[in-house]
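Heads up, the chain below is alone and in the form predicted on its own; it's given as structure tokens.
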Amino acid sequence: MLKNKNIILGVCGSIAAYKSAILVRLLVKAGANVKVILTPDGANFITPLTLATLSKNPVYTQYFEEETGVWSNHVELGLWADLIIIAPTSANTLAKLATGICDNLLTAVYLSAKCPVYVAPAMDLDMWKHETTRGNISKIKSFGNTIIAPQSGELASGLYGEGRLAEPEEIVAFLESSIKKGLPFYGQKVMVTAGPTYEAIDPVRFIGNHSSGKMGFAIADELSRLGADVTLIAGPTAQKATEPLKRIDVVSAKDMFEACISVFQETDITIMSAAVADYKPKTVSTQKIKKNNSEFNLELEKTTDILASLGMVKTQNQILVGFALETNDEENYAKAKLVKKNLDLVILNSLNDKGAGFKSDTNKITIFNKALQKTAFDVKSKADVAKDICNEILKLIK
């Protein structure tokens, strides 16, 4: 959730500032771009050098650095950020956020920002319980800011109670959860199939196809990026997912059918992008077949039509998306597939289109919905095609 996010971390004057070093390290490890703004009082508790080393960026402390002549543009910083987290937030800074006092770089960036702001207070028990603090908390929440509540525990004063800064790991988990809840596919359970299937002839040979799985993996990654809980069922492929998801590896059409059936009932959305074999050998040799004869005949039988099987049992609340890879009369075959297999969308690939098909890093698709309305797209990277597919699915769940 935090990958490639631009995050400003504000660090205020509090003994809990030592935790900001761990927090920076965790944010960077999660893939975020981190810039730290350290208040003058905060610099009494942790050095700019520590935070600069961990964030891999200069630490901002003043509007204007006299030694270097560098001006820190608070407006530019506020616009750069995807989110701001102030941790620890002292009682003093909390009061400034609530009343609009703008006497340091951090509060100036806060007032300039257009992004979500997360405030993680840290102070002694009596300060946290004071009516003024409670009022300031209510006020900044009314502005749309999010509070990461302090914990109970041993405090620097020796007292025990609320006011202890949330642990860095908990702050990161809070940020990730908060971001995910705002994503368009949050709460949606999604199943995606990808790659080919291999149908055994004997222990060393199989019938397969040229599918690389790139399109299916791109779709699964994009859905996960958009907040979905994704289960990816993948045939034999060297592809790897870049986003968090559950992966089930299969080999044959039978394996994929069984995996899909086991997951489908619990899913809200299913995208069947795998190139499943239509036929398999009727008999599989237990030993390697020797090349003793000049001819070799192989009797084939149909595999189970997974897409049609799912279409027969899907409920009104489920969305089922299929792919149609065609070489002739493409649109008619795709529309017939959509109707026959009870799909909500069918995504047409034509091998006649340059830039489409197996193994390529690009694709060209046309999508038909239940009303047989057609949406055609230009050749794009498979990552961008995945975004187009997700946007079309979103239209069905809004």
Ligand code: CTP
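Residues carry their position along the shown sequence, with the first being 1. If you're wondering where the values come from, they're calculated on a predicted model, not measured in any experiment.
This next part talks about the form predicted in complex with this ligand, which is not shown.
Have a look at 271-279, 235-243, 204-212, 156-164 and name the one stretch with heavy atoms inside 4.5 Å of this ligand in the predicted bound form.
-> Residues of 271-279 come within 4.5 Å of the partner.
May I ask whether Thr303, Leu307 and Lys341 each come within 4.5 Å of this ligand in the predicted bound form, counting any non-hydrogen atom?
-> The answer is yes: all three residues contact the partner (heavy atom, 4.5 Å cut-off).
Determine whether any heavy atom of Gly322 comes within 4.5 Å of a heavy atom of this ligand in the predicted bound form, and answer yes or no.
-> Answer yes; at least one heavy atom of Gly322 falls within 4.5 Å of this ligand in the predicted bound form.
Please check if Lys337 has a heavy atom lying within 4.5 Å of any heavy atom of this ligand in the predicted bound form.
-> The answer is yes: Lys337 has a heavy atom within 4.5 Å of this ligand.
Might Glu326 be said to contact this ligand in the predicted bound form, defining contact as any heavy atom within 4.5 Å?
-> Contact check for Glu326: yes, within 4.5 Å of this ligand in the predicted bound form.
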